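The chain below stands alone and is given as structure tokens, in the form predicted on its own.
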């Protein structure tokens, strides 16, 4: 037990290492969640990875049958997710220990989760949002900064994490660019209680995505990552493939106008998110014609530059922990 890393995050969730396997839309699956949790971190997945909802229920049941360790579910909490209440109830019925909320108000998730003793961490990109979710009773914050895959924030994690840690009284988890253990040491020194790791786990043997996607993560550099609003309306980090170059990185003009207008914004934003999820779903299953496919639209963060091989999720966690201890031991005294 000597290599365990104790922080407020590990104590809160009852895990060995302060490593959250980030929930990745269309990437995270049963095998990944179980492997990360069994290795001592906590595996999580987006509820909307499984449709119809019966498949979601079956996936959670399978995870809970395969591991007694804590697992987590990511719930989209804006109006585009009409399944939100069912997603929460099914997760709680199966004893899920952690919820991570994104893109909206977590009030309902927090209220229901706390009835069961489950914890809720909320994605935030600034102090204003952090204060709002803390006032609602959030147990922790996922500070999403620059460099993250998917919906990345605009502030450097080097600034965002100590800023939130100084101002807030709940644990802060660093999200954005983490793929090696020395970055865990850096995150904890900044005041983080743990790290949120996504891109590194795409290049894992358990990830159910096409081998070409995994190889793209291994072969790409940080300079190959671009931010696009084209897919979901919210800035998202993707590998700059030929297809992304072709379609551009901005929303079509009509949707931009609707999104920015005060009278239509509250209707346009959920619509854009819904269209984005539909687009990404098609990307997972279609490679014909002009449709996006896994060969052309790949979500990833800047940490692709630190990923050099495809290995198991357990090996990834073990490497992160070993590298963390080496980094701490090598720090100047």
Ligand SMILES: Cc1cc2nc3c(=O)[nH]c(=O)nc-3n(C[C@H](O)[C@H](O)[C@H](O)COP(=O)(O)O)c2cc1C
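Residue numbers count along the first chain shown, from 1. All values derive from a computational prediction rather than experimental measurement.
Quick note: we don't show the form predicted in complex with the named molecule, though the next part is all about it.
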Checklist entry - Which residue, 104, 147, 191, 235, has a heavy atom that falls within 4.5 Å of the named molecule in the predicted bound form? => result 147
Checklist entry - 42, 63, 307, 27: which sits within 4.5 Å of the named molecule in the predicted bound form by any heavy atom? => result 27
Checklist entry - Exactly one stretch in 108-116, 149-157, 126-134, 84-92 has heavy atoms within 4.5 Å of the named molecule in the predicted bound form; which is it? => result 149-157
Checklist entry - Heavy atom to heavy atom, is residue 74 within 4.5 Å of the named molecule in the predicted bound form? => result yes
Checklist entry - Can you check whether residue 33 is within 4.5 Å of the named molecule in the predicted bound form, heavy atom basis? => result no
Next on the checklist: Quick check on residue 175: any heavy atom within 4.5 Å of the named molecule in the predicted bound form?
Outcome noted: yes
Next on the checklist: Whether residue 303 contacts the named molecule in the predicted bound form should be assessed with a 4.5 Å heavy atom distance threshold; does it?
Outcome noted: yes
Next on the checklist: With the distance limit set at 4.5 angstroms and only heavy atoms considered, check whether 197, 202 and 299 all reach the named molecule in the predicted bound form.
Outcome noted: yes
